[in-house]
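This document contains two forms of one protein chain, each encoded as structure tokens and listed individually as structure 1 and structure 2.
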Structure 1
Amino acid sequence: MKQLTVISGKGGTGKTSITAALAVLAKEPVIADCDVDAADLHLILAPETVESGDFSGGKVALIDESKCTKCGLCERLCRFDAIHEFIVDPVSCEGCAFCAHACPEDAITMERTLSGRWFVSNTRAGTMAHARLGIAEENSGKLVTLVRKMASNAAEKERRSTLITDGPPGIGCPVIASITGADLLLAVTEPTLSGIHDLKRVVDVSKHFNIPVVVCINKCDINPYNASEIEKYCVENGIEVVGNIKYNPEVTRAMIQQKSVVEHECGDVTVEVKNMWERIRGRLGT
């Protein structure tokens, strides 16, 4: 199975829209939406859930009043100021378990918290694994790993040859979890100063993990000078630019209709995305 992960150094570059289009063009791949902090691939592919479950990313301290002698040791030791009047604030608690180990009465236990939910769904483009992380919850890297595992299991079960992942923006833990084991990364950028800066960070991450990367410049015509600077950088670093997509308001209309840019007539955008997929297929060897 070949794995393509679509990433971007920053949000708003069009990464998810391009992922949806590639998923449609790939002819029933397995899809993983690993942008669990702000998942939106479902807005285009309209999934129908067939399996779901709870995700627990951490633990929170819980004080047993029947055992607590109110010695105050836990309050004094808590570095996160999460215990007041022998009650734990679950928002402030970091789940370090120091209080539980220190309590002389064994009155404190660590209870798992519900951090989000994962889903396996049917879409018109293929099976999709995705998730929803709870508000202000952490450990999204663990949830990304779980989503990828669900997607891999589905690909093996269905004997699919391609797994396409919509990765999170940035270069943090969730991104690292989404690219591990990928055969190719598609970095979607835009011709802005922040787009150029963040593209370089993404490329550095790909080099660190020794994963090949190709680049798509989205809305390349909004600033031709910056677009040429991106191409220059890619040439200097031996990176192939597989797509130069121009701005087209029809892309927004496609999203409003819950369609990808290859299911809605978007002119040159539709043509370029199709050509880009053929170039990516060549790199993947599918």
Structure 2
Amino acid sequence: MKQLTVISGKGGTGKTSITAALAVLAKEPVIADCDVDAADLHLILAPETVESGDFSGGKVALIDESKCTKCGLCERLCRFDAIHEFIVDPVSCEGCAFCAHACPEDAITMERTLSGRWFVSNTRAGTMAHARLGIAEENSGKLVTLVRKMASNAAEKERRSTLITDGPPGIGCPVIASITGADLLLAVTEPTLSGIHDLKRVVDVSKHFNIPVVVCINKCDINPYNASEIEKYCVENGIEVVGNIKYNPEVTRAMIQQKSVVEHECGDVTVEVKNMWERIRGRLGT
């Protein structure tokens, strides 16, 4: 099985719209939505859940008032400023359990928190693993790893040859969890200074983890000069530009109708995304 992960660095460049289209174009892939703290792929692929479960990623400290002698040791030791007046702020608590181990009265316990739910669903494009992170919860890296595991289990069971993952923006923990072990990364960028700046950082991350990357320039006609700068950067770094997609308001209309850009007529965009998939397939060897 070959794994493609779609990333961007900068948010809002079109990762999810492109992932949805590639999922429809690929022949029965398995799909993973790893942007677990702002998941949107389900809005296009309309999954019907067949399996789901709770995800408990982290722990937070809880002080038992009846045992606490208010010695203040926990507050002094906590480096995350999470304990005030002998009460733990669960949002600030890092879950390190330093306080629980140190408390002379054994008044502190570590409670598992429900950090989210995972789902395995049927969609018109194929089986999809996705999740919903609890509100203001941490551990999205661990949940990403779980979603990818669910997806690759499904791919194995159904003997699928392609796993397409919609990644999160940024370069931190959830991105690293989304790309490790992938065969190819598709970085979706836009011809803006922010887009270029963020693309370079995410390409550096792919180099750091030694994963090949190809680039798609979305809305390439918004600034043709910057688009050519991206092309130049890619040539200099031996990176293939697999798609140049023009700005088209039909893309938003497709989204509103819960369709991918290859299911709703988006003119040039539809054509270019199809061509792009053929180039990506060549690189994946599927």
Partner chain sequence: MVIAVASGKGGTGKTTIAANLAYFIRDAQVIDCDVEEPNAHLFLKPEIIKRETMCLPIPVVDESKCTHCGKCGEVCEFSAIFVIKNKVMVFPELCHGCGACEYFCPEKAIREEKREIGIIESGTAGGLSFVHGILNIGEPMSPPLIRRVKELIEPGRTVILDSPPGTSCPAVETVKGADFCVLVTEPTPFGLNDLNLAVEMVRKIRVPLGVVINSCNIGDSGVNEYCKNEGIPVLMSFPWDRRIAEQYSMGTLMLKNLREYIEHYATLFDKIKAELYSKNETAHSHKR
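What you see is a predicted model; the values in this text were computed from it and never measured. Residue numbering: sequential along structure 1, first residue numbered 1. Between two forms, the rigid core is defined as the largest C-alpha subset superposing within 1.5 Å.
- Of the two forms shown, the form predicted alone is structure 1.
- Smaller rigid part rotated by 15 degrees relative to the larger one between structures 1 and 2 (C-alpha superpositions, whole degrees).
- Once the core of the two forms is superposed, the Cα of Glu94 has moved 2.6 Å between structures 1 and 2.
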